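Below, in structure tokens: the form predicted on its own, a single chain.
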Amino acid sequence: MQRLKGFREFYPEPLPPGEEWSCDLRQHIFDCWRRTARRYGFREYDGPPLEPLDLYTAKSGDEIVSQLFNFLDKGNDAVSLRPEMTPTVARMVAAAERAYRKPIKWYSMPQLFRYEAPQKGRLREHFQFNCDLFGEEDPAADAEVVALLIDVLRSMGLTEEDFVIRLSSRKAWQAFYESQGGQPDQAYAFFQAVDKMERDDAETSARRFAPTGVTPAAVKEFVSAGVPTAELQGILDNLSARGLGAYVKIDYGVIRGLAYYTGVVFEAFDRKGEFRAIAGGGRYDNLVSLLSGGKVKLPALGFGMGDVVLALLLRKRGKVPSFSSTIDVMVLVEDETLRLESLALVQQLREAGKAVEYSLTPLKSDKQFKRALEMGAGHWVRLERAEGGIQVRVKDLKTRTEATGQPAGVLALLSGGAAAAS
């Protein structure tokens, strides 16, 4: 049996031959995501992995259906595995916003699914870090979210030489479109054409722009000028005041193809241009109103960062830490007549929060010791008979020092609370 195309299996390090997705690296990424979001005052939430199909078509139109894992459930309802988290969080906030002080700052790390052709940096499933801020329309909120994005990447060892945030604005693009006499009913097609411009050849690009009334040459001139609006300049100044200005630049080549964006948009790219966008997001001030039928109106913005491109980038830049065993203590059972007492010691250490291993069956001492070294244990511990009863011997595998004492005092011995014996 083989896994499905575009899906992954995550193995513990060291990885088996032919496998590239590490559960240890995934957990490292999750830890960086969670720690940084909490430093910014964001709270974690989650939602259902299966949603009504119309949650996505209401936001993105029927054309998104071809990209979804959708089906009729046993109740004959049209449902879909979630391809993104923004519609879910917008619905949740619309339903419960009165219970929370504004601005609402939430993050999540869901697994998402899209039915599309797998390619480098894009699979049919991925985990994604989503950060969203609701209830604040001032550009200071946009700067805060971009700063969070920068610090998440910095928390993994990436620097201004590794990535850049390309900052743009749908408002600026809308003003440009209108100044060029763009057709009102073709605005979305125009945004789509701009979004695909970097990837399209000249002929394809011209064909996309033709119905909009705007020429590719005019678009390129606008992008090349790169004059920040007052709103964008305020965000740049805000980030520069934090010492983060080197991580951001104005780039109107970023427009974000999704229809619901209303203002500032941004994407994170690696400086060398070897990968797809690392992250992307922007302001979507009308989505909560749309999904609540106009009952709740809250300005909102956020971004998503997938684990696929991020993991590839970290490996390419040599930013993946060394993953070793998390074992604190190896309990050696050298005297099988003390196995039951050794099991009590194992339990005592585990209840104290230590990661503990031991041989489940009788095993020669040298093999148990070798296992302790292979697992990177910090100490080994063993029970031994001594005059007057049973004592515990503790050895620090880094300093090579040993200490003995009563089994009840093993935690003090592990922390160096007793004189070491040679």
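Sequential numbering from 1, following the sequence displayed. Predicted model only: the values in this text are computed from it and were never measured.
Not pictured, yet referred to below: the form predicted together with a small molecule.
Q: Quick check on this chain: which one of 84, 328, 144, 162 has a heavy atom within 4.5 Å of the small molecule in the predicted complex?
A: Of 84, 328, 144, 162, the residue with a heavy atom within 4.5 Å of the small molecule in the predicted complex is 84.
Q: Among 299, 110, 139, 302, which has at least one heavy atom within 4.5 Å of the small molecule in the predicted complex?
A: The residue from 299, 110, 139, 302 that makes the contact is 302.
Q: Does residue 277 make contact with the small molecule in the predicted complex, using a 4.5 Å heavy atom cut-off?
A: Contact check for residue 277: yes, within 4.5 Å of the small molecule in the predicted complex.
Q: Residue 306 near the small molecule in the predicted complex, any heavy atom under 4.5 Å?
A: Yes, residue 306 is a contact residue.
Q: Against the small molecule in the predicted complex, would residue 291 count as a contact residue? Criterion: heavy atoms within 4.5 Å.
A: Contact with the small molecule, no.
Q: Hey, in the predicted complex, is residue 122 touching the small molecule, heavy atoms inside 4.5 Å?
A: Yes, residue 122 sits close enough to the small molecule in the predicted complex that at least one of its heavy atoms falls within 4.5 Å.
Q: In the predicted complex, which of the stretches 279-287, 178-186, 247-255, 219-227 has residues with heavy atoms within 4.5 Å of the small molecule?
A: Going by heavy atoms within 4.5 Å, the stretch is 279-287.
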